[in-house]
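The chain that follows stands alone, in the form predicted on its own, written as structure tokens.
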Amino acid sequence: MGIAINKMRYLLAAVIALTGLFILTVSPSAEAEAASAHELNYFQYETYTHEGRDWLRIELGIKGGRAEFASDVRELTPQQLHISLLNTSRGGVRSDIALDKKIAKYLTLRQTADNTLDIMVSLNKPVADQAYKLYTAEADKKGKKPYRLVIEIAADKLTSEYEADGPKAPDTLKGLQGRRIVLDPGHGGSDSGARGPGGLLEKDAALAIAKNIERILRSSGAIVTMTRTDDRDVYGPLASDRNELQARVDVGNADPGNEIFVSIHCDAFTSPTAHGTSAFYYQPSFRGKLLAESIHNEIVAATDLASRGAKAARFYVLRNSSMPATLIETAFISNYQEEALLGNPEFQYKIALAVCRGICQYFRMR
């Protein structure tokens, strides 16, 4: 009898232990599912014509009640409409969906680290040239449709729907009148440079920042030479790295009156946690070091970016420029937060203004 009781106790302890183990095993996934208050449970799209305009309607069903959403259009990706659904998971809806091709190409759904669902609609034309509406619709029992987010996009935009606001006038800085400056937006054309997790390309961010720098410098009376002013290779498509870099150096060296060479880039690393801003110069050039430090200090002062310092390097454009030169790694495009900054027009202007202030500081000290 005593042996039987002991056996029962042993079996009961084993069951409790196994049950506890089972709970520990499934608990994390249960918590993960509970992490999102909402979940997609429906997708449908259709095209229709209203008052002579063709429209695309996309419907995304949302389980869990009302969900908050926000939208934005990023300057460097003007044909993409981004919608953020807060506290929402993708559920069973596919992550990549082909659309009608006439108004929009495809829709992607991506889960972000902060439990937000990023909905991206890739359009055939810039979003600025197409009217769109975002709204939620209550459940339709007759139509067998749940509570849903509705995205409606027109094939075009009426004249009355365009905003009249133009770009703001650039800042003007003292001490730059007559200064001859070469700006080199990194990469371009067949060379996209690094790509951010959200799809932003280094060549686009570098060009946007460089164009802001150019506007500020020109408004301040400087004479600016750009190695490229659009999305193209400087030497030619698919050139070797050496030929492409030499072509950029040649643009700057062609005029002996040019005083400084500033190359604009975005940093990248395999880990998305890498962050901050840095500047580089060629070790033998004291003035190159002064230029790099001046610009770097102004960027750090003007932004919340961490300082990674001004450092010596043997980059081709630094070694072969006939003038003081620096290469600026503005921020990490491989970092989710800094990629968002690099794609933000206000931040692009802020960092450009900091670069120009650094250039002013350099000319005051030399």
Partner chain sequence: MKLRNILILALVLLCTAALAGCDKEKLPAGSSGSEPLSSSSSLAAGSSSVSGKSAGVMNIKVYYPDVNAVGLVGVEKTVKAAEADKYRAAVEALLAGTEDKRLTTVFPKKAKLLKVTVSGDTARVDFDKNLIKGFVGGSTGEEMLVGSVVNTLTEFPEIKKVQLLVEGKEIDSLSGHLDLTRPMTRMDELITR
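All values derive from a computational prediction rather than experimental measurement. Positions refer to the first chain, counted from 1.
The next section is about a form of this same protein that is not shown, the form predicted in complex with the partner chain.
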query	finding
All of Ser240, Thr270 and Asn320 within 4.5 Å of the partner chain in the model of the complex, heavy atom check	yes
Which of 337 to 345, 296 to 304, 52 to 60, 320 to 328 lines the interface with the partner chain in the model of the complex (heavy atom within 4.5 Å)	320 to 328
Partner contact for Ala274 in the model of the complex: the partner chain, 4.5 angstroms, heavy atom	yes
Ala70, heavy atom within 4.5 angstroms of the partner chain in the model of the complex	no
Proximity of His265 to the partner chain in the model of the complex, heavy atoms at 4.5 Å	yes
Touches the partner chain in the model of the complex: Val224 (any heavy atom, 4.5 Å)	no
